[in-house]
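Structure 1 and structure 2 below are two forms of the same protein chain, each written out on its own as structure tokens.
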Structure 1
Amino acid sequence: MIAYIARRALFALFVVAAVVTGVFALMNAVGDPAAATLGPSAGPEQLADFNKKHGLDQPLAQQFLAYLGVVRCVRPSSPRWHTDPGQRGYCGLLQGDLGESFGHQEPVGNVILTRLPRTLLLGVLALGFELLLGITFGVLAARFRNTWLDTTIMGTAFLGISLPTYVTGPIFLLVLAFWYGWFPVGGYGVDPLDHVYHALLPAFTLAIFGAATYARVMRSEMIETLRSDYIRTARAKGLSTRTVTWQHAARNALLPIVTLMGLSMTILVAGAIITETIFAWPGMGSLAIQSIYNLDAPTVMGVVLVFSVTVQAGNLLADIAVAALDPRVRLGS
């Protein structure tokens, strides 16, 4: 078992390393971060100074070594971070630092730590909407299958999976936030309650796709379950339809939903680029897109790293769980 876990972990590590290397190469392929960071009015001296300070005038391999933390550079976690004259920017991945953002002049770790909770808030709310709507309507559709209710719910759900957020987002923003004034027009708010209030509309926009998917899965699972023997037994015992539907069938049909939730998890960390952009929500997604525009490579890499580590960790945990339950897997064939 331990050997199996070690093998899987090693493999996950390899994938993350490959992602890091690939994105590093990509972000450094073309483009001039100095000009993108300092803007149109920067003079040649300033640009050269920027490149020197961030080690961008050195060969790519050297920069990559600095990013890994093998070469000496200013580590954002060091106490002398503010005034250290050494090379900034890429630094210290192996020591657990994500380097310093070009544009933010702040440790990438800190930037991500301020953004991550907001994206989590958005993600959790969205997940809540997804589960609530998905399960309710899925069960209803199964319960009343082949009636007009089922048809309407499933038709809408099918439309739901075909509705991109950049169509629904602007419409919600205009109609619900601007015209009716029920929600704030984008932004993030000032206190915790306000944050939640601001998150409602983007979370709902995000949730449409998931809710539709869950409703569809829930319905088909419910139909299977309702056909199974133990449900018939329960009915035969004389339990009411409501009890059978909600207490027995729905519970069992939930299992595949739990596995599907893994899908929504990536949104939790990577944020939703489009939705966050539409609603001016300062989370991971908008951080990513701004950093890409400004060619802020360390920040982009930080975001991608967080994303791929989460995905790999999720996969790893799932694999371990499966292995624990099923000896055939861990013994390897």
Structure 2
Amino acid sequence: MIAYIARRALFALFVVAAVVTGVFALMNAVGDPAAATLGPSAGPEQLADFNKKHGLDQPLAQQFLAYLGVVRCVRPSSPRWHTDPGQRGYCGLLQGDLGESFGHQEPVGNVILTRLPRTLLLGVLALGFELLLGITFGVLAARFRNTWLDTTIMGTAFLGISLPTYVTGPIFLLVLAFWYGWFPVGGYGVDPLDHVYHALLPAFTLAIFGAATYARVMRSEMIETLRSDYIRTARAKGLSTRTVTWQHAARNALLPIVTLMGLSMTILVAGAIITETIFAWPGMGSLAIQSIYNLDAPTVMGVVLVFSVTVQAGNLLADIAVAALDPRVRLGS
């Protein structure tokens, strides 16, 4: 089990490193951060001062190695930089330094710490909606297979998988927020309960695809499980249909759902970027969009790093859970 976890952890680390390298190259190839930050009215001296302040006048390879923290700082503005170039300190990922945001003019870590709890709230609520709706309706569809209820649930799940977030989000916003006024039209709220209230509609929108996927997988697994010999034995013992369905069949059909939970982290992260923009939710997704538009490379890198680590951690935890539940996985069979 330890060897299995170590292999998966090393693979996750490799993926994160590849993502960080690719995004760094892309962000330095799409435009001039100085011109995007200072605007068209900035003169050559202002642009040169900006590039020097943020170390953008250094070779790209040196910037990347300094960002990783394996060579000395290229940013004179870094608190680890000293007057004597020979005494410059290290600043980078290995030192817990994500750089300085061009637009916010403060450390990227501070910007992310402000936004991250908001995205976590949205993600936790969305995952809760996915599990609650997906498992419940999947079990009901299997229990009442080939009935109108099964057809309705699977038809709705098909729509949920087919319609992207940028379609369902504006529809929910228009109908449930503008027309009926059941939910706020956007924003974050002012107190903890208000935060949750503002998060309900975007979280539900974010959860639709995952809930539909869970429902379809759960229905398929439940139908297979209900045909098993131990289920027939449980029924022969006189157990009620509800007990057989929920306490025996449903529990044993959850293994694929555990795997999907890890895979759904990617969908939640990608969906959060669109959903937060639609509902004006001030989280990591909207921060990523603003930073990309402004060519704020350090902030984009910080957001991508957090998202990639989150996705890989979710996948790793899901793999560990599956391996704990099914010995065949950790034994490599």
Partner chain sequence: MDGRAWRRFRKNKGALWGGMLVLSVTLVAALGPLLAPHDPDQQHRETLLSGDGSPVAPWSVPGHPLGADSLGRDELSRLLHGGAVSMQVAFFATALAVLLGVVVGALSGYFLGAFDFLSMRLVDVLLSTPFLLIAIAIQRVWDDPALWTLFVLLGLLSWTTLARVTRAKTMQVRALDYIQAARALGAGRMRILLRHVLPNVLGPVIVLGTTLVAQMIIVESAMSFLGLGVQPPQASWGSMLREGQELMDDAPRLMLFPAAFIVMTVFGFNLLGEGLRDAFDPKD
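The first residue in the sequence of structure 1 is number 1, and each one after it adds one. For clarity, a rigid core is taken as the largest C-alpha set superposing within 1.5 Å between two forms. Everything quoted here is computed from the prediction, not taken from an experiment.
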item	value
Panel number for the form predicted alone	2
Asn294 C-alpha moves between structures 1 and 2 by 2 Å or more, core aligned	no
Rigid core superposition, Thr277 Cα moves 2 angstroms or more between structures 1 and 2	no
Cα displacement of Phe14 between structures 1 and 2, once the rigid core is superposed (Å)	3.9
